[in-house]
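Here's a solo chain for you in structure tokens, the form predicted on its own.
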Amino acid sequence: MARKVILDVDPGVDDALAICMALFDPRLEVVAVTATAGNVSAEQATRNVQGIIEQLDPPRLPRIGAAKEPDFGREGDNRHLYGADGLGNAHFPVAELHHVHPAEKVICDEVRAAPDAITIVALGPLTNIARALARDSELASLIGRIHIMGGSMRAGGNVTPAAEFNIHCDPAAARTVFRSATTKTLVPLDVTNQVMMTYAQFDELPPESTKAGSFLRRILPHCFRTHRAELGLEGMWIHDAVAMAALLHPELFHAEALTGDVETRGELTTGATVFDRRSGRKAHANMEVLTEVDVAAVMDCILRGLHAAAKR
């Protein structure tokens, strides 16, 4: 039986790769894709979710949840890497939708419809999930698992010296989710920073004659250029695709059970993820944190997932 998932995303080119992998994988049933502000604004994130789904045209259309900006503002965006629209300046046209529900309502509805069976794959800031937990006091006990791309153990930050982007965008929401009574897996920068898509691997993507291949070849070139110009890299990070690979192939990663929290008020450390690794600590572990990765195998899984999307 396919695993039911909600993709909570802030697309973002790497989010788009992860969505492409998930929508066509027979092991997953994507019941909803909910947008959250992060890489781009709430309005653009919602538009991008719709655009990605329309371009890929999966066999089963998921529900779409609309984003709203975080209650306390959003720190930064990633348009300097992903383009003005977040998708490599592709500017995909989208149909006008009516009756789009807020993301947190969609999350609550789908979890209630399948208690203990839904995995929420959180690839952006955790705004929507924190709002859903506040909206429904019983929700935490009904979510099967939250699979989070975010945070850092020893790798430092990528938006400040201390903080990873997704957590830094809405640290209060991240703290709410970290402290919630849910089963959680965290995929931090320590593993996602190790996997990079190279120019050579761009040539291994599905052919442009397929929907998935055409889509990928429109959104990726801009991102390769900006990673080189802005970061001096001969390739691009694909954090969210790595997190999706971790969901599909956990055997390629090593995990530790840890107690994690989020700094919300530090002058230099807001958004930093903090893990209690003291010997003899009394606090119970509240999440599984991935600490090691088989880089070559994960990259192979990502490419195979993208080719599977083209075959469908």
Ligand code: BDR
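In this text, all values refer to a predicted model and were calculated from it rather than measured experimentally. Quick note: we count residues from 1 along the sequence shown, nothing fancier.
Below: the form predicted together with the named molecule, not depicted.
Colleague: Counting only heavy atoms and a 4.5 Å cut-off, does the named molecule in the model of the complex sit next to every one of M149, N158 and H239?
Modeller: Answer is yes for this spot.
Colleague: Only one of L123, I107, L186, V191 comes within 4.5 Å of the named molecule in the model of the complex by heavy atoms, so just point that one out.
Modeller: Comparing distances to the named molecule in the model of the complex, the residue within 4.5 Å is L123.
Colleague: Have a look at T210, Q201, T176, N78 for me and say which one sits with a heavy atom within 4.5 Å of the named molecule in the model of the complex.
Modeller: Checked against the cut-off, the match is N78.
Colleague: Would F165 count as touching the named molecule in the model of the complex under a 4.5 Å heavy atom rule?
Modeller: Although the named molecule is absent here, F165 would touch it in the model of the complex, with heavy atoms inside 4.5 Å.
Colleague: Might N39 be said to contact the named molecule in the model of the complex, defining contact as any heavy atom within 4.5 Å?
Modeller: N39 belongs to the contact set for the named molecule.
Colleague: Using the partner position in the model of the complex, report whether Y82 sits within 4.5 Å of the named molecule, counting heavy atoms only.
Modeller: Yes, Y82 is a contact residue.
Colleague: So if I measure heavy atom distances to the named molecule in the model of the complex, which of the stretches 239-247, 253-261, 58-66, 29-37 falls within 4.5 Å?
Modeller: Answer to the contact question: 239-247.
Colleague: Residue by residue through 1-23, which ones have a non-hydrogen atom no more than 4.5 angstroms from the named molecule in the model of the complex?
Modeller: Stretch hits, in order: D10, D14, D15.
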